[in-house]
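You are given structure tokens for the same protein chain in two forms, set apart as structure 1 and structure 2.
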Structure 1
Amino acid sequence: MTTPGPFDSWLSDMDGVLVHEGVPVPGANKLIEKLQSAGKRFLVLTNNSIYTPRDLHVRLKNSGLQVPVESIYTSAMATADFLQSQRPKGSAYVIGEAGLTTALHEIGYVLTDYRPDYVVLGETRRYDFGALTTAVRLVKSGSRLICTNPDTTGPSPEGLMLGVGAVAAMITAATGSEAYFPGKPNPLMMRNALRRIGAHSETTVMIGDRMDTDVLSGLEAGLETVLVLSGVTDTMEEVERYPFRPNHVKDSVADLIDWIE
């Protein structure tokens, strides 16, 4: 079987692809090292908006993976890029943590509960009922609802945690206003990622562990897609349930190391 490629640029999801429950997936270190030594452009993507790239860099380093800060792109950053393109120097009422507030501060946004342009919702370890009530009132008063990603659940050391998508559904039910999600599977996140590293879709591969986010967003952005069975979508039976297919299915990133030239 011939090796696909060559690919000039690589995009990879983080959880389930490079790490699984805080432990590096076998082959992840070798993949990153070979990408760097070959001079390939790459970004590690995550829908998690809790952490800043610096936070994630340290967390990955503590897990044994050396990923530069500038090679990490989060849904919080994708949200900030979207808002910057839509309404520069705007204002937002934010429910989220440092990853999201830092990304918005970096584009010059004012965080306020006084007639904000947007209500922006991201992950947080504890959703506060009072803050959600404020968000509902602001959206009802005309603020636009933006949510970092549509994931209804997310991973945590204790197990599944409530995701942005589930909380967004509650706000939508209370207000009648639909949210916009800049994170995966929105292909906008893929295009922003490509722009950050000066890459082109025709020579870029996207590696993910979820059919409904990683593969779908890569497919819609025109990238070569690889599903690895080391995370959420972990059987071919699950793959077959979807009306679309990845270009390749592999057990883990260890099977991709020989693709790097």
Structure 2
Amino acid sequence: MTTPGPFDSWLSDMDGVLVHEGVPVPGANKLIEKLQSAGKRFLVLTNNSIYTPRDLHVRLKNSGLQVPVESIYTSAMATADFLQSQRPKGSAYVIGEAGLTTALHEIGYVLTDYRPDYVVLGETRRYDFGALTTAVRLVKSGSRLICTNPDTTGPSPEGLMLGVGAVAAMITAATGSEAYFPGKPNPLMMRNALRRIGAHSETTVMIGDRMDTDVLSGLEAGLETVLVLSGVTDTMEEVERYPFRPNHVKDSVADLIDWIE
């Protein structure tokens, strides 16, 4: 059977594709090693906005995956790129972790609860009722609501976890204001990713574990799309429920190693 491609650039999701919250997916290390030895352009494109790219580099290294810092692009970074383009040197009230606060500080944003331009919601494992109430009040007073990514759930070795998209929906319900999501499937994140590695959509493949973020963003960016069943979308029945399809469905990234020439 001929393998698809050849592809000179690879975009890969992280959680559910390469790791499950730090536990490596079998074959992920071989895929990354082969991509690097074959000199392929490669970027990990994650909606996980908790960690900085340096944090993720170390976490992935501890999982046996050698991914350079510059080969990691998070939804927190995509959010900072978006805010930088919209309102340089602005201000934001942030609910999230170092991955998000660091990205906003790096573009010169002030983090404050006094009349901020934006309320920015990111992934965390510690949502605080008081902070969410402050966010609701600020949005009701006119701050624009930004949420790094729309994932309503996320994968882990113990099973599904609450995602920041579900928390954003709670703030929307309380305020009537819809959030803007710079993370996947937003084409902005894909275009920034392709630009970062000098890739072209016609020769780039996108690997993901979610139909509604990874596959949709690859499809709409004109990339070859691969859904792996090792993460959130883990049955063909789930795939069939969507009005669009990936180009390929594989059990895991281990099945893609022989695609790399």
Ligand SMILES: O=C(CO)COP(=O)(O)O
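If you superpose the two forms and keep the largest set of C-alpha atoms that fall within 1.5 Å, you have the rigid core. Residue 1 is the first residue of structure 1, and the numbers go on in sequence order from there. Since the model is a prediction, treat every value here as computed from it, not as a measurement.
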item	value
Matching structure (the form predicted alone), either 1 or 2	1
Threshold 2 Å Cα movement between structures 1 and 2 for Ser37, core superposed	yes
Exceeds or equals 2 Å, Cα of Pro53 between structures 1 and 2, core fit	no
Cα displacement of Glu70 between structures 1 and 2 reaching 2 Å, rigid core superposed	no
Core-aligned Cα shift of Glu21 between structures 1 and 2, given in Å	5.0
Distance the CA of Glu237 travels between structures 1 and 2 [rigid core superposed, Å]	3.0
